[in-house]
Ligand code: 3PG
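Only one chain is shown below, in structure tokens, and it's the form predicted alone.
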Amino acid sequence: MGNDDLLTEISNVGIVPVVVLDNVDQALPLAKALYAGGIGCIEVTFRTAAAEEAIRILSEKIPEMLLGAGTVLTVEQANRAINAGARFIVSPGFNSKIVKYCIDNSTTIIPGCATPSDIESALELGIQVIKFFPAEAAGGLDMIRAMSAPYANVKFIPTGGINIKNLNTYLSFDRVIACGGSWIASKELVRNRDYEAIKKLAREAVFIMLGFEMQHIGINMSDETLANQISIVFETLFGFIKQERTGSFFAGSSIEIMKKQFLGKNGHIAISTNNVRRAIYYLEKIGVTFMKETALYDKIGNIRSIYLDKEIGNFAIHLLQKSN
């Protein structure tokens, strides 16, 4: 997997748990808890003596995990982390020696940058994805927006002060590809080996990020005349205003009456999400397949809608991008 592919994978996951391990034997159950909760990425900080061996174990035992080493301060640490199996390196600040070393060793490096000068140093070495740290203390999303204006190709992974409450605030900005944070696997939870709590927090974060909601239900009718009649019934009984579309009528915003038999034995259910691309990635990881031919895209190539391959309760299911 090349550097661009790895960064795309991190963007698909959307959340990078930053963890501190005091003991090597914490690594495997912690990573398994994150993975079971839907997060296939972990950044093990090089703050403790256990970090290097923990990375080696995770690289061997859970190769499907996107495994990174964080708080890398020296070239020597970068070398040890890469040799142990880290697939990406994260530094808190911009250290040109570490960046050059990682580039020379074909390893993805995400350097910390908090100022335009840092960003320009990164760009000079060909780096376009940077860690914005410490995010909240350095001005949060307002600062990211301000700095991103003159640097059109730069993407951000904010870390520092990110939590379940502000996660989507950051991810809503299209220049933020993922968020790093320690709240999912805090020092206290790791110390107490509360892996069940970590799994629950990971799952909560994933569903908060994806923001699944029932958008509308579609009812299949055999022809346009019958579809029109049904939409009038909903309008008459409940005041759901009839609106005609190309292939259907809407009664209000939540009931779609199809003008002919469409996907699904009984109809379809639209599930809206904050990010269709991330939703597909998450659902495919748990075995869901999609009807690729049903995918719809916007003008710049972002996927907006797609149907799942299998029906649920005789209803076809499709994901739908929420309006920004």
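Position 1 is the first residue in the sequence shown; the rest follow in order. Since the model is a prediction, treat every value here as computed from it, not as a measurement.
Absent from the display: the form predicted together with the ligand. The rest refers to it.
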- Query: Given that the ligand is left out here, which of 88, 94, 133, 234 has a heavy atom within 4.5 Å of it in the model of the complex?
  - Reply: 133
- Answer with one of 220, 108, 182, 248: the residue that has a non-hydrogen atom within 4.5 Å of the ligand in the model of the complex. 182
- Query: Residues in which of 119-127, 154-162, 96-104, 73-81 have heavy atoms within 4.5 Å of the ligand in the model of the complex?
  - Reply: 154-162
- Message: Taking the ligand as it sits in the model of the complex, is residue 306 near enough to touch it, meaning that at least one heavy atom pair lies within 4.5 angstroms?
- Response: no
- Would residue 47 count as touching the ligand in the model of the complex under a 4.5 Å heavy atom rule? yes
- Message: Test of understanding: in the model of the complex, would residue 316 fall inside 4.5 Å of the ligand by heavy atoms?
- Response: no
- Check whether residue 18 has any heavy atom within 4.5 Å of a heavy atom of the ligand in the model of the complex, and answer yes or no. yes
